[in-house]
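Just the one chain here, the form predicted alone, laid out as structure tokens.
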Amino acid sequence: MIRREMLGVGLGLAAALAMAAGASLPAMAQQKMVLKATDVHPVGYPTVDAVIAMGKKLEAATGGRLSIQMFPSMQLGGEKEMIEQAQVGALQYARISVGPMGPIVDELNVFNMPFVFRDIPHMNKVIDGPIGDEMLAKLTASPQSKLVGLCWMDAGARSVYNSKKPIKSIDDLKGLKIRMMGNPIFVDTMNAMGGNGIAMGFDQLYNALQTGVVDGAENNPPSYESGKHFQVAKYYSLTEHLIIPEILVFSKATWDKLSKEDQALISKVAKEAQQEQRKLWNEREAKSMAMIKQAGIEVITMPPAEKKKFQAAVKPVWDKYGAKYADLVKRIQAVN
């Protein structure tokens, strides 16, 4: 009888210990977490290097408990695939242009409108201020996005490049097949300026330029240079028709599993990265312009009178998409 009772106590104690061990397993598993990050650009590109630096800050602040593993150079696919993987928690960080995010969170499309910003310093003041914070909050609050908007990143101004001829006026653009990001606003913008806009992923672009599927594309100098597009499209015209900030997003599926303290830390280092990436961007943009000029690329500066023609040409895009953003556009224009 005593042996039976002792055996029962022993079994009960073993069960309790097993339950306690089981309860502690998730906590133990969460002690060390490697957060996967991805970008279409290579190591050395400002957005990639800013996220790598952010990972080092997280490691230092948590004694190695949180770290970032970067998958650059489209290792995990283009931006569409990156968004989808972040939404399901297959990766945690993704650096995404506002372009493909616009169809997911409509308000973000205001930043995708042609010539919405006067220049890059104007864009930076907008994203650094209340409007930028509101837009990140809208992204995070959207049930459709399944993402957390952490911070903005600079991507300069986008200009047209092609393999056929120098574009010195709006008339020179007529009929050229120009790759655009996958957002109807961008395709309509190129069509309004006289080109033939073709939606295509960045990961497909080099081959498309090389084989003549498209005649050209449009992007900032670092993307044009680092993507090696200058090798197959030797005319770069500074139309600066789009100035689109980029967003560093985090998987909502992973975010909801983090402690409030870890969420706060990740948010803090991301906000710091917003300013640090901008310095890296300015340095890289100057370096990229020097490199493409050294490579013999014809860089065409658009005269102010000609740029006004481009601005006038995109009026149909504003007529089609701009009305619902009218109040927000007024606020953007009021930022000095």
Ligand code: GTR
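Each residue number is its position in the shown sequence, starting from 1. From a predicted model like this one, the values you see are computed outputs, not experimental measurements.
We do not show the form predicted together with the ligand, though everything after this point is about it.
The ligand is not shown here, but in the model of the complex it comes within 4.5 Å of a heavy atom of Val40.
Proximity of Glu225 to the ligand in the model of the complex: non-hydrogen atoms within 4.5 Å are absent; the residue sits far from the partner. Residue contact check for Asn162: none of its heavy atoms lie within 4.5 Å of the ligand in the model of the complex. Contact check for Asn220: a heavy atom falls within 4.5 Å of the ligand in the model of the complex. With respect to the ligand in the model of the complex, the three residues Asp106, Val148 and Lys252 uniformly fall beyond 4.5 angstroms at the level of their nearest heavy atom. Residue heavy atoms within 4.5 Å of the ligand in the model of the complex occur in exactly one stretch of 95 to 103, 169 to 177, 129 to 137, 108 to 116, and that stretch is 95 to 103. Distance criterion of 4.5 Å from any heavy atom to the ligand in the model of the complex singles out Met181 from the list Met181, Leu242, Met153, Met190.
No residues of 316 to 335 lie near the ligand in the model of the complex, the criterion being any heavy atom within 4.5 Å.
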